[in-house]
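Only one chain comes next, encoded as structure tokens, the form predicted alone.
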């Protein structure tokens, strides 16, 4: 992607300028980011997705005067008969990770890859009847809100008071203070940085696409990386046993020996001694598929006259200076193989001749990925 080329979806700004002026800094309303946009799934197709076991979906219903200040919250999947009547106002259906299930939606999300894949999360579709919404709230991550069908009124504001209403099934701000208000039409889009409060209300039936980004906390990422390092610790730290031939008799048997503490510190240092171990753990973490993602395996063979080689839409592939990462696995790569693999990660597709330029070892690896359902050969 040319980061200095103006993009319609950024209101004519270049990706470079958008990242400098707005990313993690301030909101942006983009009129006709996608001119003439029409939904990539109609209402019936979205409801069908929400009925599937492997798809995450939520139903929010607001009924004035009922328990918990009128809000009802349910987790999917939902049979169509479980959803409220279309004429009933004030309800929303949220379907998560639609990019994993439809190529067209995955293609839309890929238009935002001027932001690193390590940050890009998923695309959620929100369907709402008149008056539907999820209440004033804030997200801990960046989000683009694309109006796909109908109209939605947004109120947004910098919110210093982040206290929430008590006894609610949702995280709704107790003292929302909007500063701006506007209505989005199909094709319009709103960008919001983390913790920027917002409240969207459907004006009639509407659908909104939310392109969200992952923002792991320090604690989360430390836990994930330490767990992966721990899995390799037996190999990296070695199998040397603790010895204490000079241990003296003790009067306080419950006190931990200083020598054992030193041994533990040295063991941890040895486990972290590999200069690539942290980068390897991070890449594996960032490309790990979510728990509900599965792939359809197939017989691995390279066609005689291969067409384009394409990553499955659910595949996550990234790289650093030394590794190729794919779906939670890591591989050392260098030279021509690394260059071609990086091209595949960036473009998510390779022309048919690229396979023949790889070493036999790299070709075998791609066939393993094909067998796992991570990549497919296209037609010649």
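Numbering follows the first chain given and starts at 1. Everything quoted here is computed from the prediction, not taken from an experiment.
The following text describes the form predicted together with succinic acid, which does not appear among the structures shown.
- Proximity of residue 191 to succinic acid in the predicted complex: non-hydrogen atoms within 4.5 Å are absent; the residue sits far from the partner.
- Using a 4.5 angstroms limit between non-hydrogen atoms, residue 152 touches succinic acid in the predicted complex.
- Using a 4.5 angstroms limit between non-hydrogen atoms, residue 139 touches succinic acid in the predicted complex.
- Taking the partner from the other structure, succinic acid in the predicted complex has no heavy atom within 4.5 Å of any heavy atom of residue 159.
- Residues 134, 145 and 198 are all found to lie within 4.5 Å of succinic acid in the predicted complex, as judged by heavy atom distances.
- The single contact residue among 96, 287, 208, 129, judged by any heavy atom lying within 4.5 Å of succinic acid in the predicted complex, is 208.
- For the residues 184, 100, 124, 309, the 4.5 Å heavy atom test against succinic acid in the predicted complex is passed only by 124.
- The stretch that touches succinic acid in the predicted complex, counting heavy atoms within 4.5 Å, is 208 to 216, out of 208 to 216, 78 to 86, 167 to 175, 108 to 116.
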